[in-house]
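Take a look at this single chain, the form predicted alone, given in structure tokens.
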């Protein structure tokens, strides 16, 4: 497209952009300003401006010609370079230029007393992360060390510091926090989330309820994921359930992302999802796991974990799901108990280990008496089975009162 644009048309487009930038700042029009700062949207107006910059090649002279432009030169000049580089696919150069522009924008933002430019700041925070990811891919493809996303994280921490005051701008802190979470999760440096979480949850300047719902949902989603990694399932359940409850019901992709972590958390607490829910949000990788828990089918559980191992490992829930084995064993023993109760009610509470060995063998799971004894001991210790173990006779003597306690939404005892 650039080759068909005249020098005069390029000059007109650049001047038009500069005039619009000055006007929206003068009128404190945040909604319009954010559109002028977005690169990755690749809107027709952005593409046309980028082409104009590559035709004209001397935008800096235009910026310096008038005071009304030159007062924003430190924002606009590097922003133009970022646009030019982005348009021709030089993403590392584009990121470097955009970071300079973003730093200058933050300085201006500090000086603006009201929070009118928050939406524009959100765009800058979003763009710096997206550009950094693209730049890192370019660096990696050229055999160089990806380093821009880490730099973007440092920039976003600076932005967080700007917003962590007592004025009206503080409501923007949660959006920037969520962008930081995305950076840290992508880099595998989730431990860095702690300091930001501490600031949000303990600093008196922040009232969580005053933040926008969108940002609260994202925040609870990421902090819920952190609690999953820390195996703090009650906290994970609280945070992810909050995110699910307040998520836009039309946003099925976001609901699916939340459920991808909430389902294993609920499973670990003995709460099984309906098949219709898994089907609706395309979470069928959990179907056989749920079925295994209902049946007490250890073979099916292990097969499901093996089949979807890569997916579960990537999302960080594999270890959570692996620990469901204890609940599956509990269900298996309970089924043996029910069958035995039907045949001989007076001896139903006495389960020979040999019976469990045979049941496992039927499931093509080879285990000897010692292994089964060990498993029964753990079930009793974890309060998944009430009773005691008669070692000499190799019999588990179950309590006549509630021999299989339900978890009732609580995690298994550590």
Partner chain sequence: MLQFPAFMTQYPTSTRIIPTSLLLPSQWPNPQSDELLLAIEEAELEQKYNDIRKISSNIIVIGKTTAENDKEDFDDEADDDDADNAEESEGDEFEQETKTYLMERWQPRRGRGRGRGSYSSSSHTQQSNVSNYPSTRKPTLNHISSDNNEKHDNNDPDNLPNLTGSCPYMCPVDERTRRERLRDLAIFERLNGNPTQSSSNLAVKKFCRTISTKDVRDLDLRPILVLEDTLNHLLNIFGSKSQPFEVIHDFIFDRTRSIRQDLSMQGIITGDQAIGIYEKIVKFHIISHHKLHRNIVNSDLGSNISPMHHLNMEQLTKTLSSLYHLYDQTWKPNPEFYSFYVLLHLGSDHQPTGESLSLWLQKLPSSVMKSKEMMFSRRLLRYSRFGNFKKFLQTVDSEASCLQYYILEPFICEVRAFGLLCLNHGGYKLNPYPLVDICKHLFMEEFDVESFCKDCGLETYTSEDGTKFMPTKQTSFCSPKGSRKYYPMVSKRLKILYDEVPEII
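Superpose the two forms; the largest set of C-alphas matching within 1.5 Å is the rigid core. Numbering follows the first chain given and starts at 1. All figures in this text were calculated on a predicted structure; none of them were measured in a lab.
Omitted here: the form predicted in complex with the partner chain. The next part is about that form.
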Can you pick the stretch from 43 to 51, 58 to 66, 373 to 381, 23 to 31 whose heavy atoms fall within 4.5 Å of the partner chain in the model of the complex? 373 to 381
Given that the partner is absent here, does residue 221 sit within 4.5 Å of the partner chain in the model of the complex, heavy atoms only? yes
For residue 146, is any heavy atom within 4.5 Å of the partner chain in the model of the complex, or not? yes
How about residue 136: is it within 4.5 Å of the partner chain in the model of the complex, going by heavy atoms? yes
Counting only non-hydrogen atoms and a 4.5 angstroms cut-off, does residue 391 reach the partner chain in the model of the complex? yes
From the list 343, 274, 245, 194, which entry has a heavy atom within 4.5 Å of the partner chain in the model of the complex? 194
So which of 129, 169, 81, 87 reaches within 4.5 angstroms of the partner chain in the model of the complex, heavy atom to heavy atom? 129
Do all of 182, 189 and 201 end up near the partner chain in the model of the complex, with near meaning a heavy atom within 4.5 Å? yes
Mind listing which residues of 305 to 341 have a heavy atom within 4.5 Å of the partner chain in the model of the complex? 309, 310, 313, 314, 315, 316, 318, 319, 320, 322, 323, 325, 326, 329
Does superposing the core leave residue 391 with a CA shift of 2 Å or more between the shown form and the other one? yes
